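Coming up is one lone chain in structure tokens, specifically the form predicted alone.
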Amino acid sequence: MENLQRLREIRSLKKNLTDPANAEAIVKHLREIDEVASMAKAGFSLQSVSLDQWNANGRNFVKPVRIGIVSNFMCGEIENYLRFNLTRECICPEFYLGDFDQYIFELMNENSELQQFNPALTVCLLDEHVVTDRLSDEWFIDEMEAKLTEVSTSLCELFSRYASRSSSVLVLNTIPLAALTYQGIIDYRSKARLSRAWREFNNQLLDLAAAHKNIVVLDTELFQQNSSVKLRDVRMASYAKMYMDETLLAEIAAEIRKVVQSIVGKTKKCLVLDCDNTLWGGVIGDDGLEGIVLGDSPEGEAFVAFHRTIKRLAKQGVILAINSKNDKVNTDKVFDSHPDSVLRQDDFVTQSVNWDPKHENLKTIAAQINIGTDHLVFVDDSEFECNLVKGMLPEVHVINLAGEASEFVEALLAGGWFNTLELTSEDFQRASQYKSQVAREDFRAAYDSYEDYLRELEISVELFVPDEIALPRIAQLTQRTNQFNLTTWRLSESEVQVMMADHNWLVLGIRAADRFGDNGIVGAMFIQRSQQADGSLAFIVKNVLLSCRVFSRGIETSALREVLLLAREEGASKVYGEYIPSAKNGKFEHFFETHGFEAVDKNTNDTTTYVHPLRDLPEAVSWIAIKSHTTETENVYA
């Protein structure tokens, strides 16, 4: 179907979003649009569709996100590109767009409309006019160098102040040097000074990402490596103050989509790979170990490069799995014995090598590692298999490796499906932790009783007050955990940090280990100390999160019991708990009720409040050894 026809379909389908099939069909059409102008038209077409329409009839089809946009030029068109990119991943953006060149006022003024809008993500787009508009008409290189230093200092101060007082993630861009500015200098010695000074200017912006947890700096120079992207349309720049071309805005919007996905918990976690003609050229069952293409030729080297790229992803916490129609004895030969195979058996958490339908294998893989199928990326060379998975499991992102092996790396990485704001120590250990999970499932099969199995696991749990080292992981849990996330709070590191510094808040981390190894930090609890109208103290459990790797072992019961004990120690009269339903957390809807809480209220925001009178506490979980460090002085990481 052509892009034009898809746009017509989208306009027709959006008229009746009470039919869930129409919403799903729109997303499917968006994912097939591949031309910049059509992306903008699709985004524009959907601007009238509200969050309530997407989620009609009580569905949770899309997740909302608030995005503020400020700039020194006219950049309103980026809204359409962002809406296109985000809606295709079932995210519904709400925008605030600042006026032309008002970015300083909006970021600096605590009462600006931007600040009142309270965005989860703030985008500040700047171009070279922030520097060149401040130069004299006869500027030369000395003046440019001085002005770059001056502007860099003022911008860094502006962004740092905003980042320090805002919980919003601030997305900036490095500022490209326009070719015409460069060409206005005629001697090459001065040209070199200009390029060097400009790079140093951008380096100062890039350094902000290291200094502030909630600043992301996009390297605009990399977007311009795409041959279809140009910096500026000179006519639009002259007549409309639109200093970035739409092709560049489209690239920036696509990158911002990756940032938003990590904020709202839609980052992918597991890369599932086919084998024949995906990890090597040829069919191992027909060609044999010596006949497949892997190393020793230009095409074979391309497959080796693909292996290395996958290995680097795994090193950063991406879970690897195999889904191949093959005899396992054959694929094992490659991973065990082929001298040029960079990927080895040990790199994969699980392998489904059989003759079952691949969409069924994907369900099995997701179940084995206890994640949703919407966290899978499936890679296959077969268009038939890819289309089948798209049809049966539309929530799985599918990459069809059609064409040259030399293009596989780009096809895999372009989408940035595994991007995250920051890697934590748990990310680097993820593969081994998920392998342990699979080993636990095998171990479990040896027991008739689930309780006997849990006793033999030798589970230990630590409840602790996080420090700066644990802080990124706590924030990451709020962003990545979807199932056991009772209120689906998404918190940045700075937001968690503010709560940790407030005596009225108690932020606790949950760490677990068992006979198969250390699971790391697997959960968190956010508790507010509240003075009641009668003067008594109450604890309010605002959220509880637990990684899917450690469900159903009693860890959550042990942690909650410790909080109830602590509430008693501090003289609280009762403990409240809150639950807000989401598309993923329904399994834990009755968490508080099963631990002795009673529902007392349900407000218009769909928040159900429960209360525990602190008389009869849940029994200790007999198979768990728990250590509780619920004050800062007992911090286990101190």
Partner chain sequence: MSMHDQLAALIESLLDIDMEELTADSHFKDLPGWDSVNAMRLIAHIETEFAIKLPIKEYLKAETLADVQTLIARAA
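Small disclaimer: the values here were computed from a predicted structure and weren't measured. Numbering follows the first chain given and starts at 1.
Omitted from view is the form predicted in complex with the partner chain, to which the following refers.
Figure note: of the listed segments 23-31, 53-61, 590-598, 36-44, the one touching the partner chain in the model of the complex, with heavy atoms no more than 4.5 Å away, is 36-44. Contact annotation: residue 329 falls outside 4.5 Å of the partner chain in the model of the complex, judged by heavy atom distances. Among residues of the shown chain, residue 77 is one whose heavy atoms approach the partner chain to within 4.5 Å in the model of the complex. Although the partner is absent from this view, residue 537 stays clear of the partner chain in the model of the complex, with no non-hydrogen atom inside 4.5 angstroms.
Although the partner is absent here, residue 81 is a contact residue: one of its heavy atoms lies within 4.5 angstroms of the partner chain in the model of the complex. A single residue from the set 172, 353, 506, 242 has any heavy atom within 4.5 angstroms of the partner chain in the model of the complex; that residue is 242. Though the partner chain is absent from this view, in the model of the complex it lies within 4.5 Å of a heavy atom of just one residue from 236, 409, 367, 135, which is 236. Within 4.5 Å of the partner chain in the model of the complex, a heavy atom is found for all three of 8, 14 and 246.
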